[in-house]
Every structure is written in structure tokens, then in C-alpha cells.
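Just the one chain here, the form predicted alone, laid out as C-alpha cells.
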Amino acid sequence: MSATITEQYTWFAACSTADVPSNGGVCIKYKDQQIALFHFTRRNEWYATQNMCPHRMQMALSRGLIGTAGGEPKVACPFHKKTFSLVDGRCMSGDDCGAIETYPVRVENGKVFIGVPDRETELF
């Protein structure tokens, strides 16, 4: 049986709130990662996910359409319309195309910060 250390986050300043379109997204580069950042203005909420759609491995989610399904915020890939929960990343299309990674977001003084996980360490 193994245990894991609780995941911690490294927070980085991604951009200004004015850099993200209302009810839309932008691509943020952090080290070697592309992160999709969304401002769901209608709900006054911010979300961040990986930018790569797992369906066809395209870096496109930041250009996707955001909306809701049953009250849950989601993003639809602009190419093949696969939808993913902005809350937990699961595929909502009824397909087995895999989940996407999600990241915590906070806004302070007009700046948007994204939390990138420090990878878990397994203990034996």
C-alpha cells in the first residue's frame, strides 16, 4: 500500500483581467505547458484547463465555446465539439475521450493567477 503527499500549487501571474475576452478564453503559456484560461462573465467565474483537447490532441480548447449543461460550466472544442466540464475536467459528450486537467484560478487587483500543481510524490 502506498500513500501520497497532498498536492501543493505554484501560483503564477498569468495576465491582466482585461486580457481575457468576456465569455471567452485565451491561451497562456507557462514553462512548457499551454493553459486555456476562461472568463465566464455571465457567471462572474474564472476557469483554467489544459489547452490540448484529448480527442484529437489539438491545442485548441482556449478557442472553444463556453456554456452550461445542467447548470455546470463547460467548454466545447472548436473543432469536434467534444465538451468538458470546467469544474472537474471530465468529458461531458458521452464519449470516452478522456478528461482534461483543470487548475485553480484567483483574481487579485486586476491580475489573474493560475495554480499549477507541484506533482505528487508517492511514499512506499
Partner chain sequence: MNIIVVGNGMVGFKFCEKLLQKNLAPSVKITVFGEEIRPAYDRVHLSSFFEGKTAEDLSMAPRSWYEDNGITLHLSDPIQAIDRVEKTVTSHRGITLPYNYLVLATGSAAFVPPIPGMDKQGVFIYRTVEDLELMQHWAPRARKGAVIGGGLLGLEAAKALLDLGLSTTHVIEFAPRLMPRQIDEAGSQMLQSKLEALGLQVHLSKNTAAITGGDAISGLSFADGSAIDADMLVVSAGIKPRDELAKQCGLEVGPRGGIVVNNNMQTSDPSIFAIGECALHGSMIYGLVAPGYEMAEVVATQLVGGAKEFTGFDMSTKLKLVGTDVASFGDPFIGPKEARTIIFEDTVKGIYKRINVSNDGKLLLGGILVGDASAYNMLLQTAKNGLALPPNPEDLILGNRSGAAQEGAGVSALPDDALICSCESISKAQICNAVSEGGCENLDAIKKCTKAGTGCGGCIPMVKDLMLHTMKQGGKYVRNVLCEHFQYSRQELFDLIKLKNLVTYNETLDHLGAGDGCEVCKPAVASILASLWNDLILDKGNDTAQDSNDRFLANIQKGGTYSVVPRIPGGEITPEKLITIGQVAQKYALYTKITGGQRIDLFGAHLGDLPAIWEELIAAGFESGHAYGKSLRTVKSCVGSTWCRFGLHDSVSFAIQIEERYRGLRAPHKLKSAVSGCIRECAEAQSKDFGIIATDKGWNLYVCGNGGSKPQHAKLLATDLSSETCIKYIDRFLMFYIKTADPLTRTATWLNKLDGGIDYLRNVVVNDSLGMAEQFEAEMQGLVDNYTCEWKAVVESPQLRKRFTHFINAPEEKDPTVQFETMRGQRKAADWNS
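Everything numeric here is computed off the predicted structure, so don't read it as measured data. Residue numbers count along the first chain shown, from 1.
Keep in mind that the form predicted together with its partner chain is missing from the display, and what follows is about it.
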- Query: Does its partner chain get within 4.5 angstroms of any non-hydrogen atom of Gly110 in the predicted bound form?
  - Reply: no
- Any non-hydrogen atom of Asp19 within 4.5 angstroms of its partner chain in the predicted bound form: yes
- Item | Proximity of Cys27 to its partner chain in the predicted bound form, heavy atoms at 4.5 Å | yes
- Although its partner chain is absent from this view, report whether Ala14 comes within 4.5 Å of it in the predicted bound form, heavy atoms only. yes
- Task: Would you mind checking 28 to 47 for residues with a heavy atom within 4.5 Å of its partner chain in the predicted bound form?
- Result: Ile28, Lys29, Gln34, Phe40, Arg42, Arg43
